[in-house]
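What follows is one chain in structure tokens, specifically the form predicted on its own.
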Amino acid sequence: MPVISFDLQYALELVGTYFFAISGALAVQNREHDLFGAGFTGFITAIGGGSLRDILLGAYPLVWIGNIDFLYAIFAGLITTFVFFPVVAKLRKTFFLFDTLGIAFFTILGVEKTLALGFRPEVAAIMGMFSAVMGGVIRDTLTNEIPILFRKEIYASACLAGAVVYLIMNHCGTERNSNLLLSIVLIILIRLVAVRFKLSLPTLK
């Protein structure tokens, strides 16, 4: 594997972990939680999806246990939230922004890891989605919210669409770094457009 590809993937994994830690910590805003509670929620949000993916795939040690850099990324996200909270809290739709960036990064990286372990593309698409959304499901459960996965929003489906596009472009021989970035941008755009225009999938009636 070319060094540049590894560096890009590794950087995106750390950045995604950082964003998810921030989104988890921000989830307890305006609730009766102390800094420890906010930090714990941020930590669980950051590791939840990737840990579940690795457990299901039998990939040990879990990524945040085997590589200390991921813990540093989580701590950096928490420190950013605590130290710059007055600034971060004033940014419009900050929570949505960090959550969207997190799911976009984790989806594609989950797909890549699953493929690298020798699993079929269909499994890789599902594991990519799991990597992205399960941390948020745990976060919402801890904060007594209906998990966003079960709300009338295009969320997990955006992740699945990005994963499928990545797999198609990978099959067609698209350069890996370009594929990574394009698929991540696609997920972000789907989420932004869906929220902006209040789009949702049909419901069972």
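Just so we're clear, the structure is a prediction, and the values are computed from it rather than from any experiment. One-based numbering along the sequence shown.
What comes next is about the form predicted in complex with another copy of the chain, which does not appear here.
The candidate spot formed by 101, 165 and 188 is out of contact with another copy of the chain in the predicted bound form: none of the three has a heavy atom within 4.5 Å.
In the predicted bound form, another copy of the chain stays beyond 4.5 Å of every heavy atom belonging to residue 178. In the predicted bound form, another copy of the chain sits within 4.5 Å of a heavy atom belonging to residue 25. Contact annotation for residue 120: at least one heavy atom lies within 4.5 Å of another copy of the chain in the predicted bound form. Taking non-hydrogen atoms only, residue 169 never approaches another copy of the chain to within 4.5 angstroms in the predicted bound form.
With contact defined as any non-hydrogen atom lying within 4.5 angstroms of another copy of the chain in the predicted bound form, 160 is the only contacting residue in 158 to 172.
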